[in-house]
Each structure stands twice: as structure tokens, then as C-alpha cells.
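The chain below stands alone, shown as C-alpha cells; this is the form predicted on its own.
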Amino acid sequence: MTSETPPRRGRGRRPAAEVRAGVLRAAADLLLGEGIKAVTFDRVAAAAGSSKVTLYKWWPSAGALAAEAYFTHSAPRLEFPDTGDLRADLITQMRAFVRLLTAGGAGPVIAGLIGVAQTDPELSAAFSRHYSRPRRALALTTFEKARDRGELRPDVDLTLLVDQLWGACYHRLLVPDEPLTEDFAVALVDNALDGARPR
């Protein structure tokens, strides 16, 4: 082998982090392409070139794997901006969230995960651990900073603000009596920050 020839990679086992990332990508592809019922250990293992034993070692159920795969896929698209302007940051984040659910094709996926989570405790726990609680924590951190800057009242209930904003989007996703749009997201921010009383 000359000094210009790159070393050949051995045929040994792939690093665990690489295997895990491949499994999550394969699960996300199945989830987004065919829905949660497509995410089985058999299909994910085949798509990822991994073994079912490995999947069983890392995830207690296929539902738990699906929840983590969804979070891993969506997290970069739901980053929370921090410009120091609460209204602008909320509008940016809420519009991105609505786009993901509507134009990004994630709406049916998240609705399916929420539905199955009602009867699958392992998926429910994974959904909370990998998706809903981290998202809530990011929002609460943003609100705490805004409160410290004087953009929110000292006595405002920050958890209630989270429920008002994102809860309303989930409601329109799951009970589609009214459309879920970016204009709706902006109106939610205005209503939450300004209140419904006459100015």
C-alpha cells in the first residue's frame, strides 16, 4: 500500500452510534412513507442492514423506536430561535411547526403516534421522553428568558402559555373542524401575548 492509498476499512462491526443512526433513519423513512404500522422490527432491521437482536436491545417496542425516529427526524426543523424578541421568535417557531405538520407531511405521522400512544405505554413513554418533554422544555426556557427581559408578566403561568400555543395546533390537527395554517399560528401568538381583552 502506497502512502497515497487510503487505508481500507476492515469488515468488522460498525460503531454502535453509526448503527443506531442508520436504524433511526430507516425507521423514519418507513414512518413518514407508510405510517406507524410500517415500523416493525423486521422491516426496520432489513432496511437498516442491522439485526433484530440489536433493535430489541435498544428499544422496548417498535412504537418506542418510531417515536425516537420521529423526534430525530423533526428536531433540526423545529429549532427554537433566540433573537431576544419573543414575538418574532414565537412566530418563526410556530410557523415552522405548522409547516412541518401540513406541508412537511408529518401531520398524519404525529397523529398516528399520538393515537397509538393511548394504548401503548412504551410508545407513550418514548414520545414523552424524546419529543414532547424536550419540546416543552425548549419553549419554557424561551419564556423564562423573555420574562427575565420584561417581555412577560412576572406572574404569568409559562406552562399554560405552552399549552395555549402548541396545544391549539395539536387540537386542529387531531380535530380538523378548522384548518391548521400559518396565519392561525401567528394569530395564536398575538392572542397569547396580547390577551383577548380590549386594549
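Please read these numbers as outputs of a predicted model, since none were measured by experiment. Just count from 1 along the sequence shown to find any residue number.
Keep in mind that the form predicted together with a further copy of the same chain is missing from the display, and what follows is about it.
K.L.:
Are any of the heavy atoms in residue 170 no more than 4.5 Å from a heavy atom of a further copy of the same chain in the predicted complex?
P.N.:
Contact with a further copy of the same chain, yes.
K.L.:
Although the partner isn't part of this model, could you tell me whether residue 87 comes within 4.5 Å of a further copy of the same chain in the predicted complex, counting any heavy atom of the residue?
P.N.:
It does: once a further copy of the same chain is placed as it appears in the predicted complex, residue 87 has a heavy atom within 4.5 Å of it.
K.L.:
Does a further copy of the same chain get within 4.5 angstroms of any non-hydrogen atom of residue 136 in the predicted complex?
P.N.:
Contact with a further copy of the same chain, yes.
K.L.:
Using the partner position in the predicted complex, report whether residue 17 sits within 4.5 Å of a further copy of the same chain, counting heavy atoms only.
P.N.:
Close contact is absent here: in the predicted complex, residue 17 is far from a further copy of the same chain, nothing within 4.5 Å, heavy atoms only.
K.L.:
Name the stretch: of 148-156, 44-52, 57-65, 22-30, exactly one has residues whose heavy atoms fall within 4.5 Å of a further copy of the same chain in the predicted complex.
P.N.:
In the other structure, the partner sits against 148-156.
K.L.:
Looking at a further copy of the same chain in the predicted complex, do all three of 38, 75 and 101 come within 4.5 Å of it through at least one heavy atom?
P.N.:
No.
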